[in-house]
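Presented below, as structure tokens, is a lone chain in the form predicted on its own.
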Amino acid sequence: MGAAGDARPRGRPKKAPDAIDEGNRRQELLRAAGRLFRQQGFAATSTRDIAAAAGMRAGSPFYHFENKAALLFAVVEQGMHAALERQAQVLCALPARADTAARLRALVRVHFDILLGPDSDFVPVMLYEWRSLDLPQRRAIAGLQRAYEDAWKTAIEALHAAGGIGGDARLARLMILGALNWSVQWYRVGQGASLDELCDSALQLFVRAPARRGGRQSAPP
């Protein structure tokens, strides 16, 4: 042990102000990048644009990300991880005896939240800037997409087996997700239907009404 005059404070050394704020600044860059990639497109957005939108110096993004492509990948990857977490939380909150129609309703509703709610910029960026990712990045995002769609696959196949969805179950899943995803092009928050109303309309379009006794279907609600 050193002499008393050499004694140092116990515990972890204090971080410099820049280091303390590093995580927040990274998130600011990701939010700014996602917003600009959505509004202007990946090719038309420069790292200088992103830095300015985040209130940083022009070279600051390179402290956190190797290049603009790395920023694009981080925006989409983080968005997909957040989507998976939100989807899992919603499904876990369902009653243990929830039927397949209830599970699909929960999936549709949370999907609208992910598509159109706060922090949703990554969705159109992922859909329309896919080609700007390199092959390893595409494979990584594709793996996250498969994980996200697994819950849809299970719910739609079960509902199909019960007669709630017609046609081919795989095609039904692709068409349902495709139709829902297109809402990012036309939906505006506070203008027209609420997300709950969108969810109701989507289910009326894709899910068959319960059959009455004698094999006749009831009228849509």
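The structure displayed is predicted, hence computed values, not measured ones. Position 1 is the first residue in the sequence shown; the rest follow in order.
One more form of this protein should be noted, the form predicted in complex with another copy of the chain, which is absent from this view; the next part is about it.
Contact annotation: of the candidates Asn67, Gln40, Gln27, Ser46, the single residue with a non-hydrogen atom within 4.5 angstroms of another copy of the chain in the model of the complex is Gln40. Using a 4.5 Å cutoff between non-hydrogen atoms, Ile50 does not count as a contact of another copy of the chain in the model of the complex. None of the heavy atoms of Gly59 is located within 4.5 Å of another copy of the chain in the model of the complex. Interface membership of Phe112, defined by any non-hydrogen atom within 4.5 Å of another copy of the chain in the model of the complex, is confirmed.
Within this chain, Leu159 is remote from the site of another copy of the chain in the model of the complex, having no heavy atom within 4.5 Å. Taking another copy of the chain as it sits in the model of the complex, the stretch 151-186 comes within 4.5 angstroms of it through a non-hydrogen atom at Ile165, Gly166, Gly167, Asp168, Leu171, Ala172, Leu174, Met175, Ile176, Gly178, Ala179, Asn181, Trp182, Gln185, Trp186.
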